[in-house]
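What follows is one chain in structure tokens, specifically the form predicted alone.
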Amino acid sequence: MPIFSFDDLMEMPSRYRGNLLNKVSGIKPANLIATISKERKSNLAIFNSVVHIGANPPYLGFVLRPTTVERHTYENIKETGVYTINQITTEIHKKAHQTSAKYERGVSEFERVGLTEEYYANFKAPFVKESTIKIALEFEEEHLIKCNDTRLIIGKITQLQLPDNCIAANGDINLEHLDCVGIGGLDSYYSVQKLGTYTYAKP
């Protein structure tokens, strides 16, 4: 089994190193983040970095790459203060992947990839109609990660939508039944298969 030092990793070709290190942490959640600009132009982008921050109160975070180039998702969130996170399913994963293309500002990825904008309860940002888990969030705070100029964006959940027949009595969600997918690296997609549910671990 090869062992790579920090120097070994830094000497690798950029694309090879990126592929390796994006996948080494394993399968990550696959989500579409939808926003809208002040000019009412929708935007949709795939993210593999959505993370649970807390349940009381409910917060989610995601990591945004450096803002040295245009980041339409970030710019729209800062302009409007709202966005949605939408779970990717096997049915839409190819369309979701296409949102990673560098479309110009003002071009709606919804239209370009064939997904449907949906709006609820006067919430300004769009949802993805085809998603099975849809989350509305208000921007709460951001943290600059100085070591590589990425940002942790944290939002407060203001609305959660998912089929009620997928929620267990204890609040657990059957992700396998919802046909959710995960991402390995930047371009490999995996279906979800439940291996087991276990009691709360104690020493």
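When you see a residue number, it is the position in the sequence shown, counting from 1. Quick caveat, the model's predicted, so the values are computed rather than measured.
One more form of this protein exists, namely the form predicted in complex with another copy of the chain; it is left out here, but the text below deals with it.
When another copy of the chain is considered in the predicted complex, F139 lies well away from it, no heavy atom lying within 4.5 Å. Contact annotation for N76: none of its heavy atoms lies within 4.5 Å of another copy of the chain in the predicted complex. Taking non-hydrogen atoms only, K38 never approaches another copy of the chain to within 4.5 angstroms in the predicted complex. Within 4.5 Å of any heavy atom of another copy of the chain in the predicted complex lies no heavy atom of S42. Contact residues in stretch 141 to 157 (any heavy atom within 4.5 Å of another copy of the chain, taken in the predicted complex) are E141, H143, L144, I145, K146, C147, N148, T150, L152, I154, K156, I157.
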